[in-house]
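Starting off, we have a lone chain in the form predicted alone, written out as structure tokens.
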Amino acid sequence: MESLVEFAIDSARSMGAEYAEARLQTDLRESIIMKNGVLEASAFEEYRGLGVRVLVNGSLGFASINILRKRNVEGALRRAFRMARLASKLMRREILMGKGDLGNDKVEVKPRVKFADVDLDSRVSLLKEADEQAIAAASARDVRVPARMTSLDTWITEKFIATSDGANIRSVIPRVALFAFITVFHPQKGPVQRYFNLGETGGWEVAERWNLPKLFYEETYALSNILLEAVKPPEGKMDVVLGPEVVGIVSHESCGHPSEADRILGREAAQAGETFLKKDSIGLRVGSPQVNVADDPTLKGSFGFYIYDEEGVKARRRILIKEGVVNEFLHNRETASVFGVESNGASRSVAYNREPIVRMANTFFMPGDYSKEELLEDVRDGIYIKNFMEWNIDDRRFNQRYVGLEAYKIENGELKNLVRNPVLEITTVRLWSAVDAAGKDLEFQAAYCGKGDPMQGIPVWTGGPHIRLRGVKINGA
């Protein structure tokens, strides 16, 4: 079937395309969903098809098929050409496909334990054992855990990408993902809830390494402690230490999304929102010199891993904020041509029938020089927010709000009692400007980043070290 990709490129050229790309993609996915220790559903899905994109009269057209025959490829190309020609009548400026480091390569992540070697019963048994440990942890603190929902997904994505200007990429990427939602309840204290995601590139060995029974016990026990022991947080201006989970979502939402070049050009305003950054914001100071935020698809084992993007451009680490200053944006080849730069490989698509758009991969605050203990010891009176219960951010990614879940009072450099749901409500620039130190630890969390219309939820990592903020305002929930 790879010959269909070459046929699509050749046909597009003969039909007069200024540029053409074709992507043959297959996704094989196996999912199980468990609710309160009972298997709710199991599914095996296969998505296979070809997406084509052409540049005609200075406009792009996209179409896809899942019947892989030459006549269907020709039909998809005709639809893409028609779309491009119609759109060209509305274009204020012609689209150009900018330069990039195009590859001719094969990328394959080889699992140590193949998914096919692990049957359904073994997968269900693992989740049941994890669920039993959640119940055991709640019992140890004399609370109930009335609602537990878990899903475990394994899938393999195979792609063959070719472009009319020479890119030729084959890839095989396996991934494992887990979603868990746990509710702990006490008759006098009420409920407290927690959700978390795990996700990596690799085979079943990833799920084994996670040690889900131990993880579910620890998460439920921590929730029980919060429910039984947390008290009202102090309010007012104080120093705050944020854990890697909070730092990761802040980096993703208030740095990664604003740095997407298509959003800067106004392309996502009606779907995923706008940005406070402008085309000339490179060099703008948005934080203290201790703030360095990167996006890196090439991190081995990461949930957002790739070596070449959907336009055949080789990926690299993108330094979005360097020492508190906006350093670069995320680009595909189209936006790169508008900004007069080279694509940095940020074109991604979730499936064969979705057009590639500018996306993040693994966005994180880069580590500093401090240990967690050193960050804490210099705080006389403050709050440590380890993880979050909820977060909110406006369409321009400027005003934001984070509600802590597991959080502690800091007194004279030591962690004291648990506090219930401290709220950090702050602007992007104020938050990054308050950072005076970053830890040398680095942790990642998995997520699905939503963007586009139709919506594309794509695998990413968010992460960072512990960081310290000076003199920010904390409220109670």
Partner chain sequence: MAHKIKLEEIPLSVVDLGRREGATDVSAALTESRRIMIRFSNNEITVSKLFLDVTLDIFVMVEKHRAATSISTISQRSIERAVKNVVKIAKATPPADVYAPLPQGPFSYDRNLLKAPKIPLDPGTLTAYVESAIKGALEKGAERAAGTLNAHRARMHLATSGDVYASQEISGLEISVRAFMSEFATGHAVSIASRPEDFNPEEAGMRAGEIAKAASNPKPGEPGKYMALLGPLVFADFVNQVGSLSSAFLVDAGQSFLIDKIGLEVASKKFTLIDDPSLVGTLGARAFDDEGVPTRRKSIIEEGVLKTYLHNSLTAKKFGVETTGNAGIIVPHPWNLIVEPGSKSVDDLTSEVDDGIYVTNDWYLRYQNYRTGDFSTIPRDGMFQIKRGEILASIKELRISDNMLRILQNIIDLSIYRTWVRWWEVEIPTLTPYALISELNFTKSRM
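Residue numbers count along the first chain shown, from 1. No experiment lies behind these values; they were computed from the predicted model shown.
The form predicted together with the partner chain is left out here; the points below concern that form.
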Honest question, do K214, Y221 and G457 all end up within 4.5 Å of the partner chain in the predicted complex by heavy atom distance? no
Proximity of K35 to the partner chain in the predicted complex, heavy atoms at 4.5 Å: yes
Contact of G345 with the partner chain in the predicted complex (heavy atom, 4.5 Å): no
Applying a 4.5 Å heavy atom distance criterion, does D10 contact the partner chain in the predicted complex? no
Indicate whether the partner chain has at least one heavy atom within 4.5 Å of a heavy atom of K110 in the predicted complex. no
Please identify, from 286 to 294, 312 to 320, 345 to 353, 99 to 107, the stretch that has a heavy atom within 4.5 Å of the partner chain in the predicted complex. 345 to 353
Could you tell me which one of S151, N327, T298, N399 places a heavy atom within 4.5 Å of the partner chain in the predicted complex? N399
Residue by residue through 192 to 229, which ones have a non-hydrogen atom no more than 4.5 angstroms from the partner chain in the predicted complex? V192, Q193
